[in-house]
Ligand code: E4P
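In the block that follows, a single chain appears as structure tokens, in the form predicted alone.
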């Protein structure tokens, strides 16, 4: 299981890097919007400096940083992607571009960026179809949003859309199970596009992290709150307290 930390908060990024358990960082415009207002590139530059400070030189080449475009306009997406590469100068940078959205043909952009040598993380994937077509277009990573896939199977506000997709045969009921989506994508990627890797995002509990990994995600990207929940356990607290108590009794 490879873990990426999913945040734009500099303090949380530094903490995650100091643990030594992280193998990458993912950000998005929503995460950045939670931070004090400022220049997007300046903030990303601070993240790069933190990586340089806390990741050993021999590990930096493979330490991934995913940064997302904040436009739906093709020309702006291409310009932003190129600016990220030029200004951040990070060797394992991946530019996050969302899958086709409201008629926007983003696969064309993913293919164009990939062919120009820019690593692409195709985000907001909800189905095997989306992930596979993104991989075919050249995406280095395909991000299947675990919690959002599950939401799509139960949210009442999308009942009509869900029923129409199932009735038309485009999706099955089980396609709203994120474990099925990740498992089937992994099988097909290994068969046809083995260079593309699955990132499971939108995980909300430690169990989600474990389940996504067991389903076949190469990487799970996790927000700091969930990471901290993964590290703790009440029995660990009990036994460590006992160690200290027993030693104190013996030493006195």
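All values derive from a computational prediction rather than experimental measurement. Positions refer to the first chain, counted from 1.
Missing here is the form predicted in complex with this ligand; even so, the following discussion is about that form.
- Contact check for residue 213: no non-hydrogen atom falls within 4.5 Å of this ligand in the predicted bound form.
- Though the partner is left out of this view, residue 145 does reach within 4.5 Å of this ligand in the predicted bound form, counting heavy atoms only.
- In the predicted bound form, this ligand sits within 4.5 Å of a heavy atom of residue 28.
- Taking the partner from elsewhere, residue 183 is found to have every heavy atom lying beyond 4.5 Å of this ligand in the predicted bound form.
- Just one listed stretch, out of 185-193, 55-63, 198-206, 35-43, contacts this ligand in the predicted bound form at the 4.5 Å heavy atom level, and that stretch is 198-206.
- Taking this ligand as positioned in the predicted bound form, the residues of 218-252 that bring a heavy atom within 4.5 Å of it are, in sequence order, 221, 223.
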